[in-house]
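Listed next as structure tokens is one chain, alone, in the form predicted on its own.
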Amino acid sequence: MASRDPLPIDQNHVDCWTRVRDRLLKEYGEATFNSWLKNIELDAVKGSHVLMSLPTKFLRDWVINNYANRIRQIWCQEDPSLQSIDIQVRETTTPVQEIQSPEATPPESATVIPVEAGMDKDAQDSIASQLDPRFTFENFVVGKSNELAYAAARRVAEAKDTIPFNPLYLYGGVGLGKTHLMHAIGHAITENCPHKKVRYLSAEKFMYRFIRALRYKDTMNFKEQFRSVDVLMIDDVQFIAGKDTTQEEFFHTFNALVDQNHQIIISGDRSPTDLEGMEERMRSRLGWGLVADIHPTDYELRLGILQSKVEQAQIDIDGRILEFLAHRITSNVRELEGALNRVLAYSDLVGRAVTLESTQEVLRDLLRANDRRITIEEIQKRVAEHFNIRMSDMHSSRRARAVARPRQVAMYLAKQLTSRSLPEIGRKFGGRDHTTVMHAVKKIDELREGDLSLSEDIDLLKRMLEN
């Protein structure tokens, strides 16, 4: 570790480091600089060697892997006599004011606060969410599709005094690992900072508890419980979209925690800007910190997840079967793990070894469903044929109703029948903005209520596409 003993640093080197920081800020931008580079401290310059430090091992490793070469290059440009840099984890000392006497009350144990005092066990269980011991950073498999979300989650979990992103907003489709990362953050914080109060729950449970507080005229206690925590984690925030009273309370809770410099971590199934039914001021606040997207998994990541699962369970299984599953089950991690569990359970129950043939037989329904993945291109083709327009009209800028309405229907069906995000759908329709897709979906929903013919057309198209 880097020594924190006072070391004389020549003023020229201090000035050089200031210039290096300024260039890093200009080159990488304020968000990246504040997240990863701001906390680098210059400890010493020994001959041609620069010694710097960061507060945590994770932050040190991340900077070394992603920014160290560039930092060294800039150093050398500013001062050619400097040839190498070393970034270490700096030692910390306990501030005098934090040292307690033997008679002092011991620090509060880190807890995930699940319940209100005085509630009976059934009420506690009905609204409380505990952290799942299976969901840790150690068993989260990292790939290109989730590396940003993972890195950001680790950064937040290891931060002690400085909050790097507030809020941290994780979003992605079903079964891609958002909840796993949130639980992992909770575990890491309670382990690294046992004095911190951490609360994790779903947005649905947040609403349930707020309604209960209103019913029993206990809103002050509700506010105190949520606004006195050090870390608040809300899962599936899209659930409160359209629920104005709950949004209002969440809005004020959010602001109160940010004002106190307390950490907020939120997950959703889409980016803040795409949350329909969410107030604009709330969408704006959700995007204040870092928004990290978790993309669908690729083959390598799916295979890595399966290999990790069988290693943890200490199960011997033919690698070809894992490769087969990774190729064929592509929808999400949850379904992939479920497929593996089904195969292993079948083998255990009937007392037969797992083979490729038995795997195909046990997962016949699931494999058939995964083989039938509807694409946006297929939707566009079917809709164009049905409404007798050209395929190119799906990408054109023509606004004639005879073209615009079928295009909106195709966008609507793409949202209904695929797992693609709104921006992805927009790009497939001539590079349109995600707000155009949102408008199309909303418009078709409204028209279906009063236009029986259009509703029948859409139902017919859905049946054709799904069969």
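A residue's number is simply how far along the shown sequence it sits, counting from 1. As the structure is a computational prediction, the values presented were derived from the model and not from experiment.
Not on display, but discussed next: the form predicted together with a small molecule.
Asker: Quick one: find which of 161-169, 377-385, 80-88, 135-143 has residues within 4.5 Å of the small molecule in the predicted complex by heavy atom distance.
Answerer: Contact criterion met by 135-143 only.
Asker: Is the gap between H252 and the small molecule in the predicted complex 4.5 Å or less for some heavy atom pair?
Answerer: Contact check for H252: no, nothing within 4.5 Å of the small molecule in the predicted complex.
Asker: Do P272 and the small molecule come within 4.5 Å of each other in the predicted complex, heavy atoms counted?
Answerer: Contact check for P272: no, nothing within 4.5 Å of the small molecule in the predicted complex.
Asker: If you check in the predicted complex, is K309 within 4.5 Å of the small molecule, heavy atoms only?
Answerer: Yes, K309 sits close enough to the small molecule in the predicted complex that at least one of its heavy atoms falls within 4.5 Å.
Asker: With the partner left out of view, is G289 within 4.5 angstroms of the small molecule in the predicted complex by any non-hydrogen atom?
Answerer: No - in the predicted complex, heavy atoms of G289 and the small molecule never come within 4.5 Å of each other.
Asker: Using a 4.5 Å cut on heavy atoms, which of V174, A345, M391, A313 is close to the small molecule in the predicted complex?
Answerer: Among V174, A345, M391, A313, a heavy atom within 4.5 Å of the small molecule in the predicted complex occurs only for V174.
Asker: State the residue from R320, H327, R334, R281 whose non-hydrogen atoms include one within 4.5 Å of the small molecule in the predicted complex.
Answerer: Residue within 4.5 Å of the partner: R334.
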